[in-house]
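Just one chain follows, in the form predicted alone, and it is written as structure tokens.
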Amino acid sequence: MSLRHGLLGLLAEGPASGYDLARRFSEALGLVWPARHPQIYMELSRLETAGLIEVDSHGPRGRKAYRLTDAGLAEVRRWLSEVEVDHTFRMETLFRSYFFWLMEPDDLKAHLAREERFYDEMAQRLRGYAESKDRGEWGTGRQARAMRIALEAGVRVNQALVDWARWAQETDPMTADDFGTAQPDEAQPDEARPNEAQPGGTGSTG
């Protein structure tokens, strides 16, 4: 994703000023793609120069509202349909976990407990939004439906991180004496035994 396409997508909802877009960006997308006000205003200038947006109206103190052009709509649709998704997952929670071996055990337990609480609260918050959409409080249009899909992803990702933090606390791999001693299951499924005849197969005959 790029800030450019995020702004184009938001302007597809209707004309908005840079201030409105910054607020909307923070509310709707800030958790997955944070952007600062100066970045947003700079990108809006680039989008206008490229002909992807244009000024819709002027307000007090030089405030401008922008609207999406046909070219801008075509560009955001092209990005959604044709551009390969960047699956890079930049997340400090996971980045830090690589270095947990440098933490004191009590500090690590406290950190994991905080992470569990944070992601549990976030999952509950997103569930609340999702439930309100399911009740139709945000309308039933295509935008509301797409936001419901996005909210479900947020709920599931945050719940997965709750489960991860809880698992790390309960199993405690950093201090467990039996870490690294797990043995493969002795019982293997039939398909893993090539020397045995299978039902309906061509086993050896005497």
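Quick note: we count residues from 1 along the sequence shown, nothing fancier. Worth saying up front: this structure is predicted, and the values here are computed from it rather than measured.
Another form exists, predicted together with the DNA; not displayed. Remarks below refer to it.
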query	finding
All of G51, R77 and G136 with a heavy atom within 4.5 Å of the DNA in the model of the complex	no
Distance check, K64 to the DNA in the model of the complex, heavy atom within 4.5 Å	yes
Residue contact check: A35 to the DNA in the model of the complex, 4.5 Å heavy atom	yes
Any non-hydrogen atom of R90 within 4.5 angstroms of the DNA in the model of the complex	yes
Contact test in the model of the complex: Q39 vs the DNA, heavy atoms, 4.5 Å	yes
